[in-house]
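Below, in structure tokens: the form predicted on its own, a single chain.
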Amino acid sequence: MILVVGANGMLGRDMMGVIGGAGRGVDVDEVDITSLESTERIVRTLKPEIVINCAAYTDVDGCESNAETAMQVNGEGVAHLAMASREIGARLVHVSTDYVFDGGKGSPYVEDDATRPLGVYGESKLAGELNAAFNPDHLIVRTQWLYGLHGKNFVETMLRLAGEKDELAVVTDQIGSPTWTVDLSHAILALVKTGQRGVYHAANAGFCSWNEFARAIFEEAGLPVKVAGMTTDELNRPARRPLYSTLDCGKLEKDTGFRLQPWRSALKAYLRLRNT
């Protein structure tokens, strides 16, 4: 049995859908991962063979003003899952982020590149990666720019704003790979089924700026919204963002034979599904 922690979240719900009958999901109503006692209780009771952690505090700007909570959920929570899963001989799969990098490399990041988070969110997620090692049988999957049917995300924000405005300004100097949670779930399952361990990168193929992504969303949705450019400095958000944090997913493809589809075709598929 595969236990999905954070099963009611955007990634967790798609992960459950991809796993199917082999999965059991839990969320905050059944487990508090910031408590070792609560975490051990649910893991001992359910006795999964694999634990997939989709739970996270992902409000990047909110993390700056709630650093303690961010570290409890994204850092200490993973330590508790690692210790509890190790105790019963289960493998831990932990989902991490491109924010562990500073975005200054200038080319796609590979798994063993040096980490250097710019803010609290990235620091807390890196702490989670390090804490996953409390269970030697662990797998870390870094991803980025997630969107899906079951949570707040950039695609849904753009579509909502399209109903309110005919022109928007979106940053042009942050580059990454928009990733559909369904495709990421299939990548994680491919890694699990082939028994991989260590660190892997998984994101939809290709890359773009947030500005280009917004334009693509409106084009694919047939919405006549004008998209102006702006810089990250002009946006002036509390948390610093990595400017070029594209992930090299070659290791994933080499070791599993699985390759996530290009980000634009994933967006098309998402919008089709959304509108059915």
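Note that residue numbering begins at 1 and tracks the sequence as displayed. Everything numeric in this text was worked out from a predicted model, so none of it was measured.
As for the form predicted together with a small molecule, it is not shown, yet the points below apply to it.
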Checklist line | Heavy atom within 4.5 Å of the small molecule in the predicted complex - the one residue of Asn131, Ser185, Thr97, Asn204 that qualifies | finding: Thr97
Checklist line | The unique member of Leu11, Ile19, Leu267, Leu252 whose heavy atoms fall within 4.5 Å of the small molecule in the predicted complex | finding: Leu11
Notebook entry, point to check: Looking at 101-109, 159-167, 117-125, 82-90, which lies within 4.5 angstroms of the small molecule in the predicted complex, counting heavy atoms?
Noted result: 117-125
Margin query: Under a 4.5 Å heavy atom criterion, is Asp27 part of the interface with the small molecule in the predicted complex?
Written below: yes
Margin query: Is Asn135 part of the interface with the small molecule in the predicted complex - any heavy atom within 4.5 Å?
Written below: no
Notebook entry, point to check: Is Ala214 close to the small molecule in the predicted complex, meaning a heavy atom pair under 4.5 Å apart or at it?
Noted result: no
Check: How about Ala70: is it within 4.5 Å of the small molecule in the predicted complex, going by heavy atoms?
Finding: no
